[in-house]
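Form predicted on its own, single chain, as structure tokens, below.
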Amino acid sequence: MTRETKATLDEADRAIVNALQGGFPLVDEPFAEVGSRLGLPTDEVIERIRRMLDDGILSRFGPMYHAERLGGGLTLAALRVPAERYEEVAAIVNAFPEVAHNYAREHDLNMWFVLATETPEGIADTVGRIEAATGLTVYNMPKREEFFVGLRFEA
């Protein structure tokens, strides 16, 4: 599915996406638990998640780790990308395994991404490699204070 293709979700898909944004059950049979809550068979829950991943409706399904608590580094970064190079630079940035996610903003700094590295020193190394690969300055904005906002997107 390309970015231009509009995602198609039915009510069951939406229920799964909305339910799992709040957490994944930590039980022996988590998909059965999700299915039980939503009135869906376990296999159908798994198949729907797999299909949404395959179709690009979901970009990721997995745990979120707190890199800093595991001894790693974490930062928010941005680039000022010329419009004609946006897709090229996005592909370069997204190829770095340290990039957790990348998104466009309507701002002079129009590409923002999160870096997560195995060590705090890995941030500077990764920033340097992205600058070398793109030829653009990376604006590193390390966290000063953390706030939990519970961001969710209604499907």
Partner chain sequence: MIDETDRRIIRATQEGLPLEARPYHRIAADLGLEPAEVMRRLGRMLEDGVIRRIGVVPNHYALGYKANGMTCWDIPDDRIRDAGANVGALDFVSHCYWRPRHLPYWPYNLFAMVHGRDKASVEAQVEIIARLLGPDDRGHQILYSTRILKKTGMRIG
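Definition used throughout: the rigid core is the maximal C-alpha set that superposes within 1.5 Å between two forms. Numbering follows the first chain given and starts at 1. Please read these numbers as outputs of a predicted model, since none were measured by experiment.
Not on display, but discussed next: the form predicted in complex with its partner chain.
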**Report entry** Heavy atom of residue 102 within 4.5 Å of its partner chain in the predicted bound form
**Finding:** yes
Query raised in the report: So, in the predicted bound form, is residue 56 in contact with its partner chain at a 4.5 angstroms heavy atom limit?
Result: yes
Requested in this report: Would you please decide whether residue 111 lies within 4.5 angstroms of its partner chain in the predicted bound form, comparing each non-hydrogen atom pair?
Outcome: yes
Query raised in the report: Any of the heavy atoms of residue 123 lying within 4.5 Å of its partner chain in the predicted bound form?
Result: no
Report task. Using a rigid core alignment, state whether the CA of residue 54 is displaced by 2 Å or more between this form and the one not shown. Result -> yes
Requested in this report: With both forms fitted on the core, give yes or no for whether the Cα of residue 45 moves by 2 angstroms or more between this form and the one not shown.
Outcome: yes
Query - residue 143: Cα shift of 2 Å or greater between this form and the one not shown (core-aligned) - result: no
